[in-house]
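To begin, one chain is listed below as structure tokens, in the form predicted alone.
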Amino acid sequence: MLELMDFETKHKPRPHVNAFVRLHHGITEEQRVQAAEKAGWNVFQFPSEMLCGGDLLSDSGTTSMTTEQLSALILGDEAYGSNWGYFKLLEAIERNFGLNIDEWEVYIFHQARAAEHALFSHITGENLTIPANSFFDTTRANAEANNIEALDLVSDKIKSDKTHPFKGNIDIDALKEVIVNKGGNIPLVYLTITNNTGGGQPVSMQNIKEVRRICDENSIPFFLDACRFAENAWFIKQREEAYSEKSIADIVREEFSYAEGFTISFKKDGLANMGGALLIRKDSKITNRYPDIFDKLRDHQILVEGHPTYGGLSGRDIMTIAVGLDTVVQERYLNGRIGQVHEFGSYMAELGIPVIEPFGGHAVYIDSDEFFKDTNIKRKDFGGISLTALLLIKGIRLCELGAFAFGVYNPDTGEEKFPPYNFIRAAVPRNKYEIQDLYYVADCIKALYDRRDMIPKAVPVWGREKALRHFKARFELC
């Protein structure tokens, strides 16, 4: 009987079933145009109620939680000090990250950027540089707001290689050179897993281990930006031969074993809608340079977020994170989650849309330069902004992460400094959409790709010179 059923199918079932659904609001395209104009064609300011199955602005905090998480939410303890959920969260961190929690300082925040802000606010000194594979927008802004140079070190060779399995890796040779030139001014090395800015690309375990070795040789602390630690572990299992037989849980524990500290957004691989943390080993080399950093971070946390055992979160939030951490390391969950992203990306590639390959774990990235290659749209015309603006009319929201989001404008000279990457990101929320929703997104992008000669320029009419301008700016489509 089993021999009769020994066949493969083109499509696979999802690793979950729907427990709740919510109908979209009945919104016309004319209403969306009016709303988009009112928002200055800025996707961050467009009302989410007007979207219909394609809000791919971010995968941060947009997760549809599991029934187990929702059940745990009811058990949330809202005590001001030492709530019950705090200790459940510590147990989940210890269990899933492989840490002896007594050997770590733990700081809970309402999200990762608050944790980053706390860390960078208390790393002081002249001419400081933090090397990384790639900083994301708010992480970079937090560093630069504290007069720290945020230095991206991904090799051009890797970036241009469409087959490289770990395009998120830091450039080891470049890291060594920076340490030679700036070693005394490097308070830590920061590795983002997965590399969001670089296209959601994974980092190999070999790269993680090598960075830690170099840091040890030069007495520099090694930190992770661990927002998508489980997705990164899945890629290590799939693409790094030495780990093919290891469990996701074991790979995750090894990832964290090399870190002296890490920031993490529980809004990603915590499968929660809110939450973040900063954890630092008590014996970290960072205390050699900043011996009172733990006390200062604790004071910062209390002043900004509240008691250390709730850190800006409700007891309900804390409980959903504790359960989410147990879910996210399950291979069947990751197979479905990343498999859906890859099916979405493969469909876009089949349609001829220029996407970044191989695909990452949380998003599909469109190469904006390639998208507009044969048109009159140049980087200075911000075609990625125009594309995301027009997609709002179809009830779809993507995010431009390129010429505008990461560019810098000098109002005195009128010059734009453009970043190395020029992408448009379609970030897929966890557990939220079915594949037909993503097919619809791809179909709409394809329709605009076929009409790309007609896509107008995006002209900033306010906020071009602002920091983090993509959150604030207003545009006209001309």
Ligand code: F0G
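Just so you know, these numbers come straight off a predicted model, no measurement behind them. Residue positions are given as counts along the sequence shown, with the first one as 1.
Separately, the form predicted in complex with this ligand exists; it is not shown, and the next lines address it.
Across the proposed site, 232, 253 and 325 without exception lack any heavy atom within 4.5 Å of this ligand in the predicted bound form. Residues within 4.5 angstroms of this ligand in the predicted bound form, judged by any non-hydrogen atom, belong to 221 to 229 and to none of the other stretches in 311 to 319, 390 to 398, 117 to 125, 221 to 229. Taking the partner from the other structure, this ligand in the predicted bound form has no heavy atom within 4.5 Å of any heavy atom of residue 386. Looking at residue 167, you'd find every heavy atom of it more than 4.5 angstroms from this ligand in the predicted bound form. By the criterion of a heavy atom within 4.5 Å, residue 112 is counted among the residues contacting this ligand in the predicted bound form.
Residue 45 falls outside the set of residues with a heavy atom inside 4.5 Å of this ligand in the predicted bound form. With the partner omitted here, the residue from 371, 136, 359, 97 that has a non-hydrogen atom within 4.5 angstroms of this ligand in the predicted bound form is 136. Taking a 4.5 Å heavy atom cutoff to this ligand in the predicted bound form, the contact residue among 69, 422, 60, 431 is 60. Applying a 4.5 Å heavy atom cutoff to this ligand in the predicted bound form picks out no residue from 72 to 104.
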